[in-house]
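Take a look at this single chain in C-alpha cells; it is the form predicted on its own.
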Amino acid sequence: MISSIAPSTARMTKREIITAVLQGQQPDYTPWSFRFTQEPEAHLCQHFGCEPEDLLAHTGCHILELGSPIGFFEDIGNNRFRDVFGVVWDRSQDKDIGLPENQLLAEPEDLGNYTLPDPCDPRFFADIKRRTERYPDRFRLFTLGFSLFERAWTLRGMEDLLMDFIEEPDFVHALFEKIADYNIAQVKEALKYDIDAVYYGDDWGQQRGLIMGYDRWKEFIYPQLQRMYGVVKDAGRFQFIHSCGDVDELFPDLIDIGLNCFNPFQPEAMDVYEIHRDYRDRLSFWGGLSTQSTLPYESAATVRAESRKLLEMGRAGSFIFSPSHSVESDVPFKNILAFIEEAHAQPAAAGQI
C-alpha cells in the first residue's frame, strides 16, 4: 500500500472511508465495525428499540456483511441445523454455530462419492440487493466462512484431518482443491454484484502458533489460497481473511498473494500495536480489543481506556476498530456500550453514525 493523507473523511461515506483505510491512507478518525453473537445482539436491539436488521444504523458500523458465511439454511429441529455441505450442527450449547455431530468423510475413499453443494445457490446472494439498498453508504463485504481448512475438518473431523496431513497427503490435496474450486465458483458469482471485498473465514491458529505448523500450511493450504485470492485480486476487489490465533508468521506469504485486511487481530495471541506498526504500510487490520480478558472481566472504564488507545492507533491508518471477535454473552452490557460509545465519541466521527 502507498501511504498518503486522505481527503477529510468527514465528507466521505463509510464505504469510502474503509476503502481509504485499506489503501493505506490516514483517516480523520478510525472507522469501526462490530459483530455480536445472538444474546448481545438481542440486548442491543432491546436497548435501541430496533430490529436486528436495523442495528447497523444504531451502532454506526462501517462494514455491511453480505452472504451466508457457513450456509446454515436448514433447521432440522432439536437445536440441530444442517449446513449446505450436509454437516449437522448441535446448537444446544453454542447457539451461533454449534458442534458438528456427523462425519461425512469417514474414510479418504469417501471423497470420490461425495458431491459438493451448488456454490451458486441463490440463497447465498439473496440479501445483497436488499441490504445494499438499505445501507448504500456502507463498505460491502461478501463473506465466505469455513473457506478451506475449517470446511475440510467439518467434513472429515479435526483429528482425522490432522493425521491425514501425514498419512494421506494426496487425499488432503484433493479435498482442499475440491473445496477451493467450490469457493472460487461462489466468489466469481459474488463478483457479479457491486461488492467491495471478499472475506474468507479459516482458523489456522492456536493461542501460540499454527495448528498444523508452517511447513504443512505452506504445502497444503497456501497453494489453494493463491488460487482463491488470485480471482479476487484479478477482479480489482479487496480481500479479507479471518483466522483466530497466533498466525502472524503467515503475514508475508498472505501479503504476497494479495491479502488486504486481517481479522480478528487478537491481543492475547499477538502484540497488536507492534504488528500494526510493522505492517501498516502493507496490510490493514480489523479487531484489536480483547474478547478473552478485557471485555468480559474488566471494568467499563478499562474498556473505554483500551478502546481509546486502539482508536488513536488507528489514526495512522490501516486499522478498523472492533472487538477481536464476535462479542459473546459473557460480556457485561455496560462494557458493550462503552466501546460503541468510544468509537462514536471521536471528534471527526460526528455525523458519521
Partner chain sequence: MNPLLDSVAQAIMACNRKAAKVATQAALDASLDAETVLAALMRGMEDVGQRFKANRIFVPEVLVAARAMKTSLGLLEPHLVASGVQATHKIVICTVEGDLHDIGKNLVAMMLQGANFEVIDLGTNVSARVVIDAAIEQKADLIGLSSLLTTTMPAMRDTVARIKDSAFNGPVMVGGAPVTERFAAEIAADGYSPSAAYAVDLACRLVAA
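Residue numbers count along the first chain shown, from 1. Just so it is clear, the model here is predicted, and its values are computed rather than measured.
The same protein also exists as the form predicted together with the partner chain; that form is not shown, yet it is the one meant from here on.
Trainee: In the predicted bound form, which of the stretches 59-67, 307-315, 28-36, 290-298 has residues with heavy atoms within 4.5 Å of the partner chain?
Mentor: Within 4.5 Å of the partner lies stretch 290-298.
Trainee: Since only the chain is shown here, I'm wondering whether residue 150 would be in contact with the partner chain in the predicted bound form (any heavy atom pair within 4.5 Å).
Mentor: Residue 150 lies outside the contact set for the partner chain.
Trainee: Does the partner chain get within 4.5 angstroms of any non-hydrogen atom of residue 170 in the predicted bound form?
Mentor: So residue 170 does not count as contacting the partner chain.
Trainee: With the partner left out of view, is residue 226 within 4.5 angstroms of the partner chain in the predicted bound form by any non-hydrogen atom?
Mentor: Close contact is absent here: in the predicted bound form, residue 226 is far from the partner chain, nothing within 4.5 Å, heavy atoms only.
Trainee: May I ask you to check whether residue 115 falls inside a 4.5 Å heavy atom distance of the partner chain in the predicted bound form?
Mentor: No, residue 115 sits far enough from the partner chain in the predicted bound form that none of its heavy atoms falls within 4.5 Å.
Trainee: Which one, 136, 213, 252, 86, lies within 4.5 Å of the partner chain in the predicted bound form by heavy atoms?
Mentor: For this set of options, the contacting one is 213.
Trainee: Here the chain is shown alone; which of 191, 180, 162, 270 has a heavy atom within 4.5 Å of the partner chain in the predicted bound form?
Mentor: Of the candidates 191, 180, 162, 270, 162 is the one lying within 4.5 Å of the partner chain in the predicted bound form.
Trainee: Does any residue in 35-55 get within 4.5 Å of the partner chain in the predicted bound form, counting heavy atoms only, and if so which ones?
Mentor: Stretch hits: zero.
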